[in-house]
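Listed next as structure tokens is one chain, alone, in the form predicted alone.
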């Protein structure tokens, strides 16, 4: 690991000041579960000159109950989310998503903000610099995505263009289904955006001088049915091959509205708008679930080795619509 300057910051303003000072050559460290591996393997195009520790900032680790929404600080650990009775009662799908991440040891230190901001797990992008030199894929300034004609078993099947890496965050999928918003602080002030607008094909929308400070989740109606399904090769530890989060509002057995979000199939959590529109005013049944699943993956364009993800995604959507395990 190369040398860097390390700062223990005491406020959001101080962290932002340092980010601005280093002009894109600094990295924020919270739980460090992703960053430390990135630094050790030297996968970044440019090694950071400074590491800004934000764990020392008070007030960013909390879960607060409001009248219309719940506020979660960016430094709140996944373990705290899992152990929160408020989260379990109000947003069970968020608890399930957090519980599906890695191992208890990782969840004890990994933060919700860090989970949202983690870098892609694409093996071409993460190829260690010390083993034959880095692979200059499109995300690193190259002209091609090696996954297109290479090992693409876990890459995108929907909406990919120049880069086929998928968003690795399970919590992003759950929070998108819940209609959550992010509070982002930067040199120009504070802005709020929906989680589903946070990502783009090459990463996220944070400027070099910005950081997430909080997540706001509106409270759903009591009749909303929440589900989170995740398919992995090994149940513990692994990142999702496909995941699905859903929020379905019911009147008797009739769906009045829904939010269905797929994970690990695109560069961002993927809203299945066609399926959501189809389910409106429909009685939920095996037949409607089948059609919703088909529509959710309508337009998918898998690569040579990942077409199986489409069928897995359809199965998970059917389970989400029917409320089955």
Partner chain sequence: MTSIPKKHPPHTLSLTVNGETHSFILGKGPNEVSPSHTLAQTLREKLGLTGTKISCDRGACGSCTVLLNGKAVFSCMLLTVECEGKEITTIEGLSDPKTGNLDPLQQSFIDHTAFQCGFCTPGIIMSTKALLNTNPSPTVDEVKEALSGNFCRCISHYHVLDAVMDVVKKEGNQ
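Everything numeric in this text was worked out from a predicted model, so none of it was measured. Numbering follows the first chain given and starts at 1.
The same protein also exists as the form predicted in complex with its partner chain; that form is not shown, yet it is the one meant from here on.
In the predicted complex, none of the heavy atoms of residue 269 sits within 4.5 Å of a heavy atom of its partner chain. Taking the partner from elsewhere, residue 144 is found to have every heavy atom lying beyond 4.5 Å of its partner chain in the predicted complex. Heavy atoms of residue 106 reach within 4.5 Å of its partner chain in the predicted complex, making it an interface residue.
Within this chain, residue 256 is remote from the site of its partner chain in the predicted complex, having no heavy atom within 4.5 Å.
Interface residue among 62, 286, 36, 44 relative to its partner chain in the predicted complex, by the heavy atom within 4.5 Å criterion: 36. From the list 66-74, 53-61, 272-280, 289-297, the contact stretch for its partner chain in the predicted complex under a 4.5 Å heavy atom rule is 53-61.
Shown without its partner, the chain has 234, 235, 236, 237 in segment 209-239 as residues with a non-hydrogen atom within 4.5 angstroms of its partner chain in the predicted complex.
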